Every structure is written in C-alpha cells, then in structure tokens.
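Shown below, as structure tokens, is a lone chain in the form predicted alone; questions about how it binds or moves come after it.
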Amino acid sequence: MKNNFPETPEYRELKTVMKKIRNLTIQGATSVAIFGVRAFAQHAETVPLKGQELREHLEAVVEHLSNVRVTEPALRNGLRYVMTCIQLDGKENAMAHGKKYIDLINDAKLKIFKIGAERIQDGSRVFTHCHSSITVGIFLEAAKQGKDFEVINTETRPLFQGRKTARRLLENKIRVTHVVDSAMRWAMNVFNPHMIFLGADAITVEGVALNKIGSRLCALASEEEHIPLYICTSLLKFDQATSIGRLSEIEMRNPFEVWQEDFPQGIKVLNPAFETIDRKNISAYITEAGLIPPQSVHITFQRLYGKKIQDYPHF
C-alpha cells in the first residue's frame, strides 16, 4: 500500500497483520475478523490525515485488507462497521468502535455455544469436519453441562485442521473418533451420528454456506444417511455483497500445501480452500438469534445488525 505520511507503529502493525492473514499464520474466520478489525481501527485512529485525504486513504486500506483473503465476510462486515462509525463520529473513537465490533463477535459466540449445546444430549454422537472455534465451543459447553457424548471428526487435509479439533476435545475429556476425509460417508454409516455440526466462513443471501473443502461431500453424505446437518455460525459472516448479485469467491491456496516434497514437473495441483453447502442440505443455522432456516439468514441479519453495519459504498 502506498502512503504519503510518515509510517506510524499502528500502520506497521496493520501491514504485519495483513501478512499473517495472507500466509495463514492467522486463520479461521473469527480470528481473521478480530485481528484485522483491531489493526484497522488502531491505524484509522492514529493515521496523521484528515478530511478527503483521510477518507481516500482508508478506502484504499479497506479494499486492500478486504482482499487479502477473499472468503472473509466477517472481516469485511467489521470494516464496514468501523467505517460507518468513522463517517458518523470521526476517527477519534475508531479503536473503541473496533472493540465494539469484536465484542459483538464474542457475545454472538457465547450465545451460540449455549444454543448449540441444547441440541446435544447424553449419548449423542455428533459428526464434524475441519476446525471451527464455534463448533468446538458448543462441544465444550455441552461437556461443561455434564453431558456424555461422542464426536466423530475428520483430519481435514491438506493442513490437518481436524487434528486441532481432536486435541481440544481430548484435552477436555470428550470422546472423539478421528477419520480420514475420504471416510466421512463410511463413518456416518458405521457410527450413525445423530447430527452433523459444521462451521462456516461465509453465508450468502440465498442461505448457502461456504465452509472448508469437503463440507459439500459431508452434506451429500448426510442426505444419503438421513442425518440432520446444522451450520453453527454467527450471522456476522453474512456476505452482504451477495444481496446485490455478487458471487462469493472460493479461495485457491498454494499447491505446495498438497504436494511439497519431490513435486514432479508437469502436474497441475489445485487446492481450493472452501466449497458451498446447498441450503436444501442444511436443517438449520445455529446462530446468536437461535435456530433459523436458511431462507431467513438475510432478514435476521438485517434485524440484528442492519443499523450497525451499513453497506460501505466502496465495496
């Protein structure tokens, strides 16, 4: 990013955060939103610019930060939130507004933990894919309530995020069975889980969820095995751009995550990070507003956050 002002410590921190988001040192939609919004708000409050020059600079920063990772609407909504507040209140309280958005995220998560845990009973078997701080939080809340249940989870190639889920559950004395991704349909057939809990990185206006690659296979297997599938996510991951016709992008990651050693020349390796889950395969969204059907995502987001998170013209 070009600038015409002396670099501040906050600006250098913002660039460091962008780099960490890009190279996956910071990963997970919630973490990306928290770190990105906090760094942006700190920079917005301290940058030595005013008036039109400030607005144009922040517009450029918002655009750049929004595109460091394409499948991150929780981050984009946070930037909208802070920019809306700056337009109304000036930049002097940008950090306080950034904290308010982060508080919205954390409050939403706590509500979802309790609502999701109500679905889990003694003897429940729950299937999950990849690692989601919200689904793990639901499991931890259910265990805290004294419920005895089992989780079946996938390893989640190529970066094996499912191992993080398995370790967290084991550390909290939750029974867990770990399987390879390609065995998910087999595992559903053998273990007959009562439900499937998946997180989400984005939600579209149609009620479609975007989640880690393999999630659509999980949804199709759930349909074959007649297992209800729930998407556990905050509505802050609603992609507002889809309401004006834009399509949510699928991030394509480095092929060396898939095949690093002795990589033969001439082979094209693709590494899509996410895929869609059709709303027909989603029993309900477990959100801070309770359980809602996929077709109610947009109107529920508007009811909860519409006045706080205005569409920002530059998006």
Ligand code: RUB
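In this text, residue numbers run from 1 along the sequence as written. All values reported here derive from a predicted model rather than from experimental measurement.
Keep in mind that the form predicted in complex with ribulose-1,5-diphosphate (RUB) is missing from the display, and what follows is about it.
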{"query": "Proximity to ribulose-1,5-diphosphate (RUB) in the model of the complex, single hit among 277, 37, 44, 29 (heavy atom within 4.5 Å)", "finding": "29"}
{"query": "Contacting member of 200, 83, 75, 196, with respect to ribulose-1,5-diphosphate (RUB) in the model of the complex [4.5 Å, heavy atom]", "finding": "200"}
{"query": "Candidate spot 24, 130 and 133, all three touching ribulose-1,5-diphosphate (RUB) in the model of the complex (heavy atom, 4.5 Å)", "finding": "yes"}
{"query": "is_contact(residue 243, ribulose-1,5-diphosphate (RUB)) in the model of the complex, heavy atom dist at most 4.5 Å", "finding": "no"}
{"query": "4.5 Å heavy atom contact, residue 93 to ribulose-1,5-diphosphate (RUB) in the model of the complex", "finding": "no"}
{"query": "Heavy atom of residue 153 within 4.5 Å of ribulose-1,5-diphosphate (RUB) in the model of the complex", "finding": "no"}
{"query": "Residue 124 within 4.5 Å of ribulose-1,5-diphosphate (RUB) in the model of the complex, heavy atoms", "finding": "no"}
{"query": "Candidate stretches 260-268, 29-37, 281-289, 60-68, one within 4.5 Å of ribulose-1,5-diphosphate (RUB) in the model of the complex by heavy atom", "finding": "29-37"}
{"query": "Within 4.5 Å of ribulose-1,5-diphosphate (RUB) in the model of the complex: residues from 34-50 (heavy atom criterion)", "finding": "none"}
